[in-house]
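So this first bit is one chain, no partners, the form predicted on its own, shown in structure tokens.
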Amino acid sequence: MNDHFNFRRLFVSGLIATLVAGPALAISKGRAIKLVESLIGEISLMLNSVKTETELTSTFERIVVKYADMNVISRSTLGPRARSASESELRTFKKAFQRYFARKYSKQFLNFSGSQIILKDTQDRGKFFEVGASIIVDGSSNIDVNFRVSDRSGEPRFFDIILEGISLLASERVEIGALLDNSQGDIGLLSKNIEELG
């Protein structure tokens, strides 16, 4: 009886500790590759089926919502100002930035219509994996692209894309930082302003 009581107490204590601590997040190489494989599959389908810019933008935004860690990306682009922002400001900015991101980068994909994307090597960067790929463009040299994948928000998502050695996250951090300065540090005004950009 005593042993049974001790077992129950230990079990309940362990369960509570697990719930309080939350799940141990440790993304595997295989899960990172699988995410990028699915992402590339949807981008390739988009490139070979979507015809208009409006259709391309809406399709790309659905892909971004599904595969990108927009919580991490949007907060990172805001820089230190994100720490003092309210949850409401962050939510509004995230939605506006997501639409801006989709408009801006979907247009760049128009240049790759009909191209093929293939996976290359994957590097373990410690807190994330960098999954390499190559865009095969007819009549031109291949374009290298790397997807940085982590499970910081609870499941595998990409939080940055390195295109020909240039980090999209770093580029957006500089651009959004300048726009935030022009908005006098007002995130609400910034969110309204970027609705017209991209």
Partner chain sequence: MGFKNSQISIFTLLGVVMLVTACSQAPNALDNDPLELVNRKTHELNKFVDSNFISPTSVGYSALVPDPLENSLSNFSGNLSLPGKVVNNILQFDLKAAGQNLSRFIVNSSIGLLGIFDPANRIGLYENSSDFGQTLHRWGFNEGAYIELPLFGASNFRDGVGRFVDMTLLDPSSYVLKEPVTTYRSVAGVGALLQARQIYGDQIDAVLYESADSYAQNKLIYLQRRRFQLKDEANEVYIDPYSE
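Keep in mind that what you see is a predicted model, and the values were worked out from it rather than measured. Positions refer to the first chain, counted from 1.
Just so you know, the form predicted together with the partner chain exists too; it's not on screen, but the next bit is about it.
Contact between Asp144 and the partner chain in the predicted complex is found at the 4.5 Å heavy atom cutoff. At the 4.5 Å threshold, heavy atoms of Asp186 stay clear of the partner chain in the predicted complex, well away from it. Among residues of the shown chain, Arg152 is one whose heavy atoms approach the partner chain to within 4.5 Å in the predicted complex. Although the partner is absent here, Lys95 lies well away from the partner chain in the predicted complex, with no heavy atom inside 4.5 Å. Only one listed stretch (42 to 50, 144 to 152, 55 to 63, 29 to 37) carries heavy atoms within 4.5 Å of the partner chain in the predicted complex, and that stretch is 144 to 152.
Proximity of Ser84, Glu87 and Lys192 to the partner chain in the predicted complex is absent: no residue of the three has a non-hydrogen atom within 4.5 angstroms. For the stretch 60 to 81, the set of residues having any non-hydrogen atom within 4.5 angstroms of the partner chain in the predicted complex comprises Asp69, Val72, Ser76, in sequence order.
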